[in-house]
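The form predicted alone is given below as one chain in structure tokens.
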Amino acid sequence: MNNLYSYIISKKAEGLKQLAVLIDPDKINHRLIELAEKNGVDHILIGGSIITENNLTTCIQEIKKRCSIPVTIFPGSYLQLSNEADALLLLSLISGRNPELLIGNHVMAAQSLRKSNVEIIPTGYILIDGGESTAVQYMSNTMPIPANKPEIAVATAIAGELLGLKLIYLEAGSGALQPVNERIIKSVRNAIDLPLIVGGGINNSAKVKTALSAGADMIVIGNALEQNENDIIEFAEIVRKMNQQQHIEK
């Protein structure tokens, strides 16, 4: 069961960019889901640092009623599991030194994950300083990599690749003042062969273009679309035009 990962790999091999929408189950927006479907969004990620309503499965079912986009769990804890999802990013917070987020939570969830029919995608999760303390930093009890230290981000991403992880995710944190900077994205992209995901603080068209042009294979938009779901139309158009240009150049 590697359908979603195969899709991600095939898009990267063609030089095509991907767009993901991150949905907090406590803030599900039906219009955003419909807009995502209409505008060709590749992925819906669902999860959060804290889920207060214990409604992950219900939310996934609601999303699947309204669109055909694959739904991937982006877990904030080992409790955020559901067989209704298509896939789960098995996040290892390799930028931190909290053993629970390197392996501890994974052990707690391992038996349930093995029994599930959900595609599991091991993912190296790297927290980058976005200009202020974020929920992921507080909840994970880890320090982000300084934004002016690309060499640390590069070494961390290479370590994740050597450990056999299948994706690298550079995260500035939800609502970050600044997204992952261009220099770090470029440096990591040049150092690894794995698909590179970038999220956190990407809240306007200029930041979308910068992240993608710097080498992100996939960008994740969350907080910005909670503020204005119509922005997805513009963001998706940017991705579409970049992919069209890639086809022309090939």
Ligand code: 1GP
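Small disclaimer: the values here were computed from a predicted structure and weren't measured. In case it trips you up, residue 1 is the first one in the sequence shown, and so on.
Keep in mind the form predicted in complex with SN-glycerol-1-phosphate is missing from the figure; the text below concerns it.
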query	finding
SN-glycerol-1-phosphate contact in the model of the complex: residue 223, any heavy atom under 4.5 Å	yes
4.5 Å heavy atom contact, residue 128 to SN-glycerol-1-phosphate in the model of the complex	no
Contact flag, residue 174 vs SN-glycerol-1-phosphate in the model of the complex, heavy atom cut 4.5 Å	yes
Contact label in the model of the complex: residue 22 to SN-glycerol-1-phosphate, heavy atom within 4.5 Å	yes
One stretch from 32 to 40, 210 to 218, 196 to 204, 64 to 72 that, in the model of the complex, holds residues within 4.5 Å of SN-glycerol-1-phosphate by heavy atom	196 to 204
